[in-house]
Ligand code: 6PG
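Only one chain is given next, in structure tokens, and it is the form predicted on its own.
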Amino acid sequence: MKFDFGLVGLGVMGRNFILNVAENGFSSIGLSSSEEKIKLLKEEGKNFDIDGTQSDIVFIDSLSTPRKIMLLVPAGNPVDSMIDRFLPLLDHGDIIIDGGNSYFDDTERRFKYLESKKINFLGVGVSGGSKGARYGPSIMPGGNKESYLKIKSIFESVAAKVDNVPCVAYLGKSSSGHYVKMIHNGIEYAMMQLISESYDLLRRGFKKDNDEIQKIFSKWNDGILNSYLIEITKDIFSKKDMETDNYMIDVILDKAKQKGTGKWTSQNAMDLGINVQTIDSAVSMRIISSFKDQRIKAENLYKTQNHKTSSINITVEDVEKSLIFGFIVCFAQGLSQLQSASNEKSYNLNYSEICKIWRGGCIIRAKMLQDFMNAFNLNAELENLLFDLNIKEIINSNIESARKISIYSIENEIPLSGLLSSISYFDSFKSGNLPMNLVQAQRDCFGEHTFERIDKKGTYHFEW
């Protein structure tokens, strides 16, 4: 028989995705070098039309044409290696789908290379982790639209559903899918940083224990902050370590790792000339967290001798409001970067559609995405999310709490890099006048870099 769908890479993510495909009625075959992983796939998929093989030739020959082959292998060289392995075995019109976290420039290169070989290529962002892969991820495809239409029925069947609408949509040409996934991950970094800061405030500022913090996060998840990250965070605080019977959160070392997608977002924002301060700060905080020994040394060196009393009173509700404000700002930054990249690369992205497919299945799933979707439905040309009048009302309802929290944190030496960056971005964004006239004067003074004037067009140099 010929299978509808093939998947390479039967790790947890790949195995779960192909099981999802098979459970939704599409016959599937997996390829892996591991006999153990193939055996596990067959056991878990015994009730579905599913198979596995270690042979490239058997795998390729078992697929119906045009072949639909999805790669869920580590980004980088493994993707190029699989493409090179398959090329001699493929026919014109076959489709290779990279479902990993590939860098968008690599996707662009592969798209052009395979196009020259008359093989179709889709760069597809998949979010939701291993559980999402099994029960419904958010899927972000980019590439040739005709190729997407051939895989559309499979993707729509396996994707998460919100109001019976699949969380997948064709996004645009070449590398657009992986670019959108990169921005998704940058926003994810920022949201996680903001949440961790709120936890730190509750713990150090309010002296709340884990049970109390768990109840607070549970309450938050019932409101506007309802989201995947708040949902899993509330559960984290209740889990106990089986070895010590201490709370699991208290035995985890405070060194955050990263795979690089947040850094890519920040680097590319610099290239585009886009301000994503909150995302930048999240990346920087993961970096500084890795210097544990130096942080302990500095803590001992600069230890506060006297107990300070804050000049401002804050409440748990202020913490909640500051988090709402921070969430909106980091989404505004990410969506702004998407707009800039879309213009630069002619992706022709639909931002309402992107918000729609992020509403379910993915790590940044959040109730407020409905508001963002509505904003772009109202005005598809919206330059920045912060210009929407409904978003303006939400910001105005929460900004003062964010400012109070920031003052409290500075006075009490609690680092809130994400929140402070969000406030700084917001204040800069809404400032009609910034002190950059002085920067231009300095540049012209020491380097004759010229400047523009407020009273007439052109560029000028002054003999300082």
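Residue positions are given as counts along the sequence shown, with the first one as 1. As the structure is a prediction and not an experimental result, all values here were calculated from the model.
Below, we refer to the form predicted in complex with the ligand, which is not included among the displayed structures.
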Decide if the three candidate residues V126, N185 and Y189 all line the ligand in the model of the complex, where lining means a heavy atom within 4.5 Å.
-> yes
Can K356 be called a contact residue for the ligand in the model of the complex at 4.5 Å between heavy atoms? no
**Message:** Can you tell me if Q258 lies within 4.5 angstroms of the ligand in the model of the complex, counting non-hydrogen atoms only?
**Reply:** yes
>> With a cut-off of 4.5 Å between heavy atoms, is N101 one of the residues that contacts the ligand in the model of the complex?
In response: yes
(request) Look up in the model of the complex whether I249 has a non-hydrogen atom within 4.5 angstroms of the ligand, and give yes or no. (result) no
Of the candidate stretches 163 to 171, 383 to 391, 259 to 267, 87 to 95, the one with residues having heavy atoms within 4.5 Å of the ligand in the model of the complex is 259 to 267
Only hit among L338, L202, M373, I363 for heavy atom within 4.5 Å of the ligand in the model of the complex is I363
The listed residue (R134, R286, K208, K321) that reaches within 4.5 Å of the ligand in the model of the complex by any heavy atom is R286
